[in-house]
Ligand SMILES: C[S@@+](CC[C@H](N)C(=O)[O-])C[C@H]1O[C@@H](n2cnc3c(N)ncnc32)[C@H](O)[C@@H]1O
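One chain comes next, on its own, written out as structure tokens in the form predicted on its own.
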């Protein structure tokens, strides 16, 4: 609804119909808006920011995205356009509150349904590992909305880790969500502990699948997020499942597999989550 309101705020403000392009990839995080401004409107980017603040008083700052999210630390380049020159905010979702710094750690409000879905499929007493936890949103939502026993929540970005520690305190899940700083493949002590492993980083999921399987307690669920090209959502789902099955050969005997399209991330490109259940087969 807020994304629609931001589009309406720009209707008729700029000639040529390019204003809508400025909001094609908008993220609203707490009271901060981040937009993508097309080249044709770069000279007007500050005016766009000011207009959004005038029309939407709940926003306190507007930035534009200048670079894509990098793979390792998951940080995107941003430029201040209007409002308060701060990058820290509080984002609320599903009864949880998250402290986020949009300049130091990745966060997407577009995954809210997926976070609730993951919480809904967890079984009481489960042990989980979140290999790419960011500021802790998946892990904390699961802890707050389910009876999962413990979630080991890993991230290699020191700033994201610090925010995750704060968010664990804010949401009163200390002891159930265990923040860990480091590379998700390096926690040997966690091998064999998990009933469920999350891999919400499409760029690294396939390369890290063997490490996810090592974290399983013999058998369990691995949730793999991928970016898949396809002419349709159904084609993207099929291709995602085939890719996982092919990579899992010889390391993970999959007996159940299902998938869903999480969102569109570009022209004929979709983010797909593959939920796979099976038994570790590591030699």
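Numbering follows the first chain given and starts at 1. From a predicted model like this one, the values you see are computed outputs, not experimental measurements.
The same protein has a further form, the form predicted in complex with this ligand, not shown here; the description that follows concerns it.
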> For this chain shown on its own, do 194, 215 and 247 all sit within 4.5 Å of this ligand in the predicted bound form, going by heavy atoms?
Replying inline: no
> Is there any non-hydrogen atom of residue 179 lying within 4.5 Å of this ligand in the predicted bound form?
Replying inline: no
> If you check in the predicted bound form, is residue 89 within 4.5 Å of this ligand, heavy atoms only?
Replying inline: no
> in the predicted bound form, does residue 205 have a heavy atom within 4.5 Å of this ligand?
Replying inline: no
>> Please determine whether residue 150 contacts this ligand in the predicted bound form, using a 4.5 Å cut-off between heavy atoms.
In response: no
> Exactly one stretch in 118-126, 105-113, 77-85, 170-178 has heavy atoms within 4.5 Å of this ligand in the predicted bound form; which is it?
Replying inline: 105-113
> Among 165, 209, 156, 96, which has at least one heavy atom within 4.5 Å of this ligand in the predicted bound form?
Replying inline: 156
>> Where, within 137-154, is there a heavy atom within 4.5 Å of this ligand in the predicted bound form? Residue list please.
In response: 137, 138, 154
